[in-house]
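Just the one chain here, the form predicted on its own, laid out as structure tokens.
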């Protein structure tokens, strides 16, 4: 395996692309007893259109999440979770808009657990009976989300912002779309995206990198299979479909999320630079040490629930903030006004350098988390970037880039506001 050194963050990364196309990464943490492995596919809920074997497919919304549930079924009725537990390991999985991850953590029996992880994720077992049974479970999840103000305020915001991008549809799908999911659909999507060259294995802990690669070869074989090619038929301009949406639910006081629509960041070094510029812009505009945050807090328009940041997903990006407020519209107007002021006047060099040091420090502290490290190494790999290089990106960002971003993005026509208000 190739060893890559990142002295600025005191990290070493071992990496190899196997003959079957799988990328294997190991972040060694000598002396730690905990070991964590992520087996991730570059496939999420928004990837419903794809080309496979020369044929175009359109999958119902919610398939990626449905697959995540069904992958824990094994032939012969084997209980994957119980097998991990017998080795003293914890296992779980999650589906996001643009990736799906399966993972375990353990202190002992790491090779056995790794073999089991690779085995169950690469072994589709979809019977009509089990798929029908799972539909009821997922239907209950969808119902719970529809009763959750946090989920509703975000989902309604996405519907207001985007006209065609599939982020308009929740990750779980809808009650209607999951009824279109069959064993055949699950098999098609598994064959398209659960192929080694569309996946990544990342391990953090005191393990032998060569042993990790050898186990991956043993369990997944050497054959290279073509992955499905994602199709992205959605087209979006920077205007929002609606400027505001409002729902009444059982909440004590109004809650809101607002966002400014941004251009997708793409892949590679320049894309990551754009993302980090936007992170700094979010900190300058409504971070906890910003003028706006302090002003709104003193006026009683926000409380400690308020926060924001920059979110990027395959094909879309947004500058967001949200929390509880008696007057969300007043918060929106204050954000727009402060964005215009910062775009015009800019940031002082002293404040800008302090923000960069703070942002860099947060990312370095996050490396103490095995889960955070594993997730980011995988997510940034799929974006064409070695995550441990982030210090050099921050170091080279200029304050004029942040000012330019704010001038371009913080505009009323790019802004949508979602409110969940108390029932009368």
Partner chain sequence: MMQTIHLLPGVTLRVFRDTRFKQGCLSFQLAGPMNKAESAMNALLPSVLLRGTNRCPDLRSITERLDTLYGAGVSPLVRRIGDYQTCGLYCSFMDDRFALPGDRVMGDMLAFLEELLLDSPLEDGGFRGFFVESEKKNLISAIESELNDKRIYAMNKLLKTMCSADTFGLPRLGSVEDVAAIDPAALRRHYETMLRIRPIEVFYVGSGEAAQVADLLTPMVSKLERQVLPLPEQTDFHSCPGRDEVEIMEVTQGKLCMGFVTPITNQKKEFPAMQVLNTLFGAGMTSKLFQNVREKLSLCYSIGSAYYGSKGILVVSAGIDFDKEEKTRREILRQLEDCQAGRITREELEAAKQAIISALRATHDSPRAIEGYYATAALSGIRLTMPEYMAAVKDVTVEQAAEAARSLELHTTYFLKGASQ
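Numbering follows the first chain given and starts at 1. Everything quoted here is computed from the prediction, not taken from an experiment.
The form predicted together with its partner chain exists for this protein as well; it is not shown, and the discussion that follows is about that form.
Residue contact with its partner chain in the predicted complex: residue 306 places no heavy atom within 4.5 Å of it.
Interface residue remark: residue 379 is not counted as part of the site for its partner chain in the predicted complex, having no heavy atom within 4.5 Å. Using a 4.5 angstroms threshold between heavy atoms, residue 33 counts as touching its partner chain in the predicted complex.
When its partner chain is considered in the predicted complex, residue 399 lies well away from it, no heavy atom lying within 4.5 Å.
Checking 209, 149, 315, 183 for any heavy atom within 4.5 Å of its partner chain in the predicted complex turns up a single hit: 149. The contact with its partner chain in the predicted complex, taken as any heavy atom within 4.5 Å, belongs to 85 out of 85, 214, 238, 340.
Highlighted residues 134, 144 and 354: every one comes within 4.5 Å of its partner chain in the predicted complex, counting any heavy atom. Residues within 4.5 angstroms of its partner chain in the predicted complex, judged by any non-hydrogen atom, belong to 363-371 and to none of the other stretches in 363-371, 51-59, 379-387, 38-46. Looking at 90-112, the residues that come within 4.5 Å of its partner chain in the predicted complex, counting any heavy atom, are 91, 92, 107, 108.
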